[in-house]
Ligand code: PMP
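Take a look at this single chain in structure tokens; it is the form predicted alone.
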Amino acid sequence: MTIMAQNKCRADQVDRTFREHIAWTSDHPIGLEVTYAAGPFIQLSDGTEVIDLISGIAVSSIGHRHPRVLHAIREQIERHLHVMVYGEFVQQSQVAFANLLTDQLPDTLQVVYYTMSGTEANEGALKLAKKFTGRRKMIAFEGSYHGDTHGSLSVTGRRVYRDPFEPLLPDVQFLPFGDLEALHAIDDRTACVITEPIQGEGGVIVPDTGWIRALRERCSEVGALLIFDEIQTGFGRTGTLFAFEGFGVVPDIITLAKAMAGGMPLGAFVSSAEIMASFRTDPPLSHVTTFGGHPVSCAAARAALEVILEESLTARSGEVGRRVRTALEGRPHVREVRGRGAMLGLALDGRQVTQSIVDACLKQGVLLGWTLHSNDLIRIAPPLNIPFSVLEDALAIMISVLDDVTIRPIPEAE
């Protein structure tokens, strides 16, 4: 058997195993087999290389396998892996990253609770708000997305996700995102208001700065805690290190994940010492996690944040966004390019156009983000350090596809 035939057999076996033993998240998984990734590139099992313009949904913001992150991982695994549930042992990598992270945050956001993911961070933040305030009512917004566990799903404002799993948490009220008048629903029974400063899954929606500031004021007036879900917007994605800085407000709790650890699993919620102390009593250990703040992930996170700061990637994300806008605004099928920094949404003429463009770009070596629940939007979130020459190559392919794409009919069954 030739080497090519052997490789084909191996690929077929991997594909069969994937389809038989890995739980799918849709009836039509993308199904690309990845063999290697570095910088802005992903290599597939057939040897082709694609430019990654979605960064694992805004995770690999400093590219895949950044040398600084790999070095930090190697150093940490020589020291130790898991040793104790979170918060009981002093672990140097946790402490070092928390110190660097809080140096970048306001005085009221100085205590870090580590988790393993974004949805866990939101779960912890919701519990913290209820514990600190003694209240039960929670406010969230239509179009929002905060995760898929029961608590996070309870404050996700999209019925397509919520309906199959109801009943969810009680006492949750959804308000229109960006509506000033609706903020009167936040009252003295409200424990917290949770929002993405820029909605991601909901369509890359940037609210008016005046609305965000009014939201902050209303929460302060009635004693409700304001939670900013910065799981996607954090770590330089929107042109400031955290999106709240761009609006000139400070939340009471911020939740983080995705780009936090350079490709390793890590999340966190951050608040003040006063608020976070409420987890220590009545009862003690009010919120615990086994693997939150894994030492290897924390070591990777410190390295990733150092790269973002030292290479000024926060400012660079603005230039990445400017180049994307300049290239794509006004092109055929493009209704709007919206977003902030390098968190962008390309609004197109409908589902068939969107899928046809995503498919055609992939065939030509550019990976874009799209889901059936945002069926007229391509999300663009390239690595913040993508070489501009690579970005221009990707944009040239996108322009060619937009100019010449053949719209493929999509069967209703899909």
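Sequential numbering from 1, following the sequence displayed. Worth saying up front: this structure is predicted, and the values here are computed from it rather than measured.
The following text describes the form predicted together with this ligand, which does not appear among the structures shown.
Contact with this ligand, judged by heavy atoms within 4.5 Å in the model of the complex, is confined among 96 to 104, 270 to 278, 195 to 203, 308 to 316 to 195 to 203. Using a 4.5 angstroms threshold between heavy atoms, residue 147 counts as touching this ligand in the model of the complex. Although the partner is absent here, residue 231 lies within 4.5 Å of this ligand in the model of the complex, judged by heavy atoms. In the model of the complex, residue 173 stays away from this ligand, with no heavy atom inside 4.5 Å. The closest non-hydrogen atom of residue 251 lies beyond 4.5 Å of this ligand in the model of the complex.
Contact annotation: of the candidates 289, 110, 133, 117, the single residue with a non-hydrogen atom within 4.5 angstroms of this ligand in the model of the complex is 117. Residues of 292 to 327 are not found to place any heavy atom within 4.5 Å of this ligand in the model of the complex.
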